[in-house]
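Coming up is one lone chain in structure tokens, specifically the form predicted on its own.
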């Protein structure tokens, strides 16, 4: 029975991760810690567990693993504290906001002999998994180019504060696609050119649109749009779409299209009723199994670091208006 704790409910994904732990018969959500006591106590009550306001007491409460869903810039400190306590770690994406912090997190867990995972639940979406299997089987031959989007709603709050988030939409919505492409194609990124800016009028000074042109090993060209362009009235938070152009054919995937269109006059807005797989449960299930089996999570800290490298290079490119090597 994996004894799991959640460190901070600052990130909205914490809700789904906590619910996923509670759905597993081989895990127990032992405790919640948060540096915002009211937020933490409310979350603990919602998920039928206890709130521990002292971090040392939380880390010493019989836990075996923790899910870190704090503000981005706090991932390093909380990971180092958890690793020092001998706990497995699943960190929300991005793994960190700087190369230095990402390396430090990996080293802290390696030195402590604990597993470090990165929260990339999109790997557990059935349509993504199906396309990856076709790519691995060579159905489309060599892949020449990929076009991708990750357009979402502006989350508000600390996401719009650079001192807490580390960046805007380019930071928030590039890492998912970077990770998927590495995993699906078995290639690394070698360079990026990025232009971004505050174009959508969101309530932040940070970039709310990023346009990236990337190259992967072997010459595969990738174009990607990362944005906070979805209106508040949009039926869901956003999208992940990909189109692969290959030697033998073309394949498109719309990751969140397992849905029904719902028109409800009580809310006076269209809604999407999602009927597909549960990627959050897939992510958390692997983490729980990694704790029970004392192995690395399937999506490692190194995976998170490679996606972080892409994002950091993209911001360097946007500042310099030059292509940057990764």
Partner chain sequence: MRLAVIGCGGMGTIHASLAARCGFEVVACGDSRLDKAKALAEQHNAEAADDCLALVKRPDVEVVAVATPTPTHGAYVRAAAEAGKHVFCEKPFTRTPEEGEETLAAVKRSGVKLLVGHVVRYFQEFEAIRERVQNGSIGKVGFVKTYRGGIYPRGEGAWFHDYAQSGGVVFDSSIHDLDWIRYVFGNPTRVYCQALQRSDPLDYGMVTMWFDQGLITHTIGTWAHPGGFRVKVEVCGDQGMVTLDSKEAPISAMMRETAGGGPSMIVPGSPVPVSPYQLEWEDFAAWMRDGRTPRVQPEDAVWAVRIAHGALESARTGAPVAL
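Numbering follows the first chain given and starts at 1. Small disclaimer: the values here were computed from a predicted structure and weren't measured.
Keep in mind that the form predicted in complex with its partner chain is missing from the display, and what follows is about it.
Though the partner is left out of this view, residue 252 does reach within 4.5 Å of its partner chain in the predicted bound form, counting heavy atoms only.
For the chain shown alone, residue 76 is not a contact residue for its partner chain in the predicted bound form, no non-hydrogen atom being within 4.5 angstroms. Residue contact with its partner chain in the predicted bound form: residue 165 places no heavy atom within 4.5 Å of it. Although the partner is absent here, residue 173 lies well away from its partner chain in the predicted bound form, with no heavy atom inside 4.5 Å. Interface residue among 240, 131, 146, 87, judged by heavy atoms within 4.5 Å of its partner chain in the predicted bound form: 146.
Among 206, 119, 181, 209, the residue placing a heavy atom within 4.5 Å of its partner chain in the predicted bound form is 209.
Using a 4.5 Å heavy atom cutoff, none of 18, 23 and 39 lies near its partner chain in the predicted bound form. Stretch 188 to 196 is the answer when you ask which of 108 to 116, 93 to 101, 188 to 196, 79 to 87 has residues with heavy atoms within 4.5 Å of its partner chain in the predicted bound form. Scanning 229 to 244 for heavy atoms within 4.5 Å of its partner chain in the predicted bound form gives 229, 230, 231, 234, 243 in sequence order.
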